[in-house]
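The chain that follows stands alone, in the form predicted on its own, written as structure tokens.
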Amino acid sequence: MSDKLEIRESKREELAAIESLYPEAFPDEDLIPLVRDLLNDAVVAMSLVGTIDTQIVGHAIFTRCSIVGDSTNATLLGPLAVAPAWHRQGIGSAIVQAGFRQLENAGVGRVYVLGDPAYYERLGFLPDSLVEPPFPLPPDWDGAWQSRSLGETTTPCTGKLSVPRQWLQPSLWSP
């Protein structure tokens, strides 16, 4: 990873630059409406960018959630995007790790993600079957629903993840 990487909270005026990352990183998905909606609701989301020489090269959103039936403070990681020219340089991992530190300081005990187990395992995520995602997942996505404990939280959570309205779209939870 470049030692010039700076990770910080995003700014409102950076919306266009942030949005430009997603079609490059996910050409088969239209994540722009979700990203835009989350970024316009600071109460719900924490948005971090990774910059190199003032250019935004990566972005992650952590959405505040709750677990029905459990008192643990939780967040949902996603979307996460890194410009293709900067892949495999640790930028996404660095942004996520910075987010973990901020979330832990804010009292968040668990982070959830729906994504590639091979990637997210490197960040400490493990498949989670005790907390249900907001919508049923396809059987071939086995292991894609994952969580990671932060700080001293070691007790497993049980229940169903309750997400804000931005995530209440079944299309975000299926192919």
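Residue positions are given as counts along the sequence shown, with the first one as 1. Being a predicted model, the structure only gives us computed values, none of them experimental.
The form predicted together with a small molecule exists for this protein as well; it is not shown, and the discussion that follows is about that form.
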Margin query: Each of Ala25, Gly92 and Gly115 having a non-hydrogen atom within 4.5 Å of the small molecule in the predicted complex: is that the case here?
Written below: yes
Notebook entry, point to check: So in the predicted complex, does any heavy atom of Arg88 sit within 4.5 Å of the small molecule?
Noted result: yes
Notebook entry, point to check: Hey, in the predicted complex, does Tyr119 get a heavy atom within 4.5 angstroms of the small molecule?
Noted result: yes
Notebook entry, point to check: Does at least one non-hydrogen atom of Ala81 fall within 4.5 angstroms of the small molecule in the predicted complex?
Noted result: yes
Item checked: Heavy atom contact within 4.5 Å of the small molecule in the predicted complex, the stretch among 44-52, 25-33, 104-112, 125-133 -> 25-33
